[in-house]
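Presented as structure tokens, the chain that follows is alone, the form predicted alone.
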């Protein structure tokens, strides 16, 4: 049976600057790659050279039949020193926006995707004095190039960012790295303040629909663990979802699901079905995440800004995405307002310290940078052309 998606539904793929551009040498993740090299952290290096090859990437998206492309602007390039803004780099990202439009793609622009300038890091990052004001000043500069952009994400996955920054804080305090860490609530509140300061500014300056994206864990409670479930849900995502109730949309990002019992989050069971990230194969996570997001944010429109699977088996990618989209259709059929689906990722990119997990619809030769579309790209494009599964 063919099941259609709503008219005007956006179909696309997503990337993030540091993971694909290459040579983002002025941000905190580049520094981490150097200092943690002896601990197994791999370098991003040239990445996929998308800084120069973005038009080729967008052409692949458009020719496949997709209608949207999500990418991020690199703060460290725009503001290499405090208060020093690069007109040339702003123009570069404006050319990316224009190129997307020329290909018939709707650009979905993210202003902060995990990375920030070294000077921001060295002044305490999000815990530094005036951090929110510094972010807002950067956002003000980006507004100068966002004319005509319909969808803007202020901060990507603030809950995961609060985990990352919390680990940096622990290490600075002489504490060991904490596996399975929860988001740092103090940092989370600062990120919420930054979003609430930036979102109305972007909306007023550009007329764009403004929101942010949350890493939805798609947790489920074990019998009798409802209190622990509610406690962990609030720390991990509900406080960030609640901050979205006044936004124009909320980005849902989902990959897998876990159970919460009386002791906390249950580890992913060992299984040959687990993905290259070690996560359980749970395409139903997207439907769980969308339904939970609706329960928290109410009538705020939802955009699936990331969903995918780390696998070397492209048939498995198609199977996972088919099941995820089926669940998404169930949620839409129940009246949940979902505006689009952006697959993570367009390219097999740098996965935050490692190259092995391959999420892409397109493989890339990292020596020649030649792009090799996988069957899944054409398959998803076919779904997009039909606007139906």
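Positions refer to the first chain, counted from 1. Since this is a predicted model, take the numbers as computed values, not measurements.
Quick note: we don't show the form predicted together with beta-D-glucopyranose (BGC), though the next part is all about it.
Using a 4.5 angstroms limit between non-hydrogen atoms, residue 142 is distant from beta-D-glucopyranose (BGC) in the model of the complex.
Contact annotation for residue 46: none of its heavy atoms lies within 4.5 Å of beta-D-glucopyranose (BGC) in the model of the complex. Mapping the unseen interface onto this chain, residue 253 counts among the residues with a heavy atom inside 4.5 Å of beta-D-glucopyranose (BGC) in the model of the complex.
beta-D-glucopyranose (BGC) in the model of the complex is approached by residue 113, whose closest heavy atom lies within 4.5 angstroms of it. Shown alone, this chain has one stretch from 99-107, 276-284, 79-87, 195-203 that lies within 4.5 Å of beta-D-glucopyranose (BGC) in the model of the complex by heavy atoms: 276-284. Contact here is defined as any heavy atom lying within 4.5 Å of beta-D-glucopyranose (BGC) in the model of the complex, and by that definition each of 306, 344 and 352 is a contact residue.
Residue in contact with beta-D-glucopyranose (BGC) in the model of the complex (any heavy atom within 4.5 Å), chosen from 320, 29, 54, 359: 359. Using a 4.5 Å cut-off on any heavy atom, the one residue of 5-41 that reaches beta-D-glucopyranose (BGC) in the model of the complex is 19.
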